[in-house]
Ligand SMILES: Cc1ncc(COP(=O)(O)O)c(C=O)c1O
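Consider the single chain below, provided in structure tokens and representing the form predicted on its own.
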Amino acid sequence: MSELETAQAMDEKDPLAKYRNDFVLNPNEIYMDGNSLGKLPKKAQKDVQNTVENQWGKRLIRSWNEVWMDLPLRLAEKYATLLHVSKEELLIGESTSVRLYQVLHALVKSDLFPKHLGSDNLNFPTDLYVMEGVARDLLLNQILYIDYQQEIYADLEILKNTIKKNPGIYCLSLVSYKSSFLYPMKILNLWAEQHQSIIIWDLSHAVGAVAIDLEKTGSKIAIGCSYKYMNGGPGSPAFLFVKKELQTQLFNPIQGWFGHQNPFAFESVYKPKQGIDRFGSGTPPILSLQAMEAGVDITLKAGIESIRKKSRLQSQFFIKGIQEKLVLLQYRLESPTDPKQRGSHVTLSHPASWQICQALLQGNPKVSKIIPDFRPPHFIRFAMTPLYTRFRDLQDVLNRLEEIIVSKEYLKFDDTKPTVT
């Protein structure tokens, strides 16, 4: 049996294959960038169209009472189910950066933990920017930055020793955006608690592809976006989780009207809501919220455990092909080989990484265009998005990566990069 026939046989046995038809599919294109922006669910098109044409176009302001006020609450309940927390512990809205700012600021002002901010070189740069801004505004020492001298694994001994010696408030990405390294959440939460510290988990590169149980792992605060594996649309709103017993001790630094006890009383004095809703700020972005719902519905229906199982099978299939063929052509695997330490994307590098990306994107009359994801200085990321990625797609990508180097096709391209890579 050929490699392609093996892949097709795996597709035929795939229990999640039926969900592929729930998304808008582009012919002659293999999409491998779902870890940056997920595909468009067909139902999201209809939901947004209905919101625009009927709720906004016809019902206008009446839609707030009829539909819109309940929408973020309904979404929060669905995300709470996915993450195994109560609906009273999760809030939908704003961006991941805004949510991180809110909880960082609130934690520092609470005096619950030492006023030290820490992170590592595997974290997403935006999180570091937010941390630096909070540290500057609140006159804290510079954030403690752990550099592991490589970008594939977090050295857990270094990380744990740093927390022990410098207790405080740490922010980590559950899945590293470059290498796909998956942190042992429960172990680190317990360690932080034993050493007067707390970890804010950024779930952006994990939620929707990795099974996450915030309750069982002892997590206290988490944030994350909804536009990657959750297929919520470009720039779709974030979620915020704060464990119930912490909520009354934290205060929202962005005191907007949707965080007020009675926003439509228009009182001149701010009175924060109780519970997680005290982190509300601005008016909910209804169109973006409506686009989110189809994605979380599909994820819940398919089941995150089934999604994670397929993700592991696909990444192992892909890595096997890399090791058997591509490493001989100067490709280098930049992700952990242990599936327990890996999220749902696989990262490669090559001396000609950017030129290879351009060749993949251009395609040719005989092969499909392939959309990967490039991250400086030389990382090419390929997302296993189990709801719509097929095994045959992965085999086609492996064959194309081999062909581009063997034929020297990559030499046709220069190093010019667009704004978004």
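One rule holds for the numbers: they count along the sequence shown, beginning at 1. Just so we're clear, the structure is a prediction, and the values are computed from it rather than from any experiment.
Beyond the structure shown, there is the form predicted together with the named molecule, which is absent from this document and is the topic of what follows.
**Student:** Each of Phe113, Ser219 and Gln249 within 4.5 Å of the named molecule in the predicted complex, by any heavy atom, yes or no?
**Tutor:** Per the other structure, none of Phe113, Ser219 and Gln249 touch the named molecule.
**Student:** Go through 260-268, 329-337, 93-101, 284-292 and give me the stretch that gets within 4.5 Å of the named molecule in the predicted complex, heavy atoms only.
**Tutor:** Contact criterion met by 93-101 only.
**Student:** Using a 4.5 Å cut on heavy atoms, which of Gln316, Asn121, Thr126, Gln323 is close to the named molecule in the predicted complex?
**Tutor:** Comparing distances to the named molecule in the predicted complex, the residue within 4.5 Å is Thr126.
**Student:** Whether Ile212 contacts the named molecule in the predicted complex should be assessed with a 4.5 Å heavy atom distance threshold; does it?
**Tutor:** No, Ile212 sits far enough from the named molecule in the predicted complex that none of its heavy atoms falls within 4.5 Å.
**Student:** Is Ser204 close enough to the named molecule in the predicted complex to count, meaning some heavy atom within 4.5 Å?
**Tutor:** So Ser204 counts as contacting the named molecule.
**Student:** Closest heavy atom of Tyr183 to the named molecule in the predicted complex, within 4.5 Å or not?
**Tutor:** No.
**Student:** Using 4.5 Å between non-hydrogen atoms, is Tyr79 touching the named molecule in the predicted complex?
**Tutor:** Because no heavy atom of Tyr79 falls inside 4.5 Å of the named molecule in the predicted complex, the answer is no.
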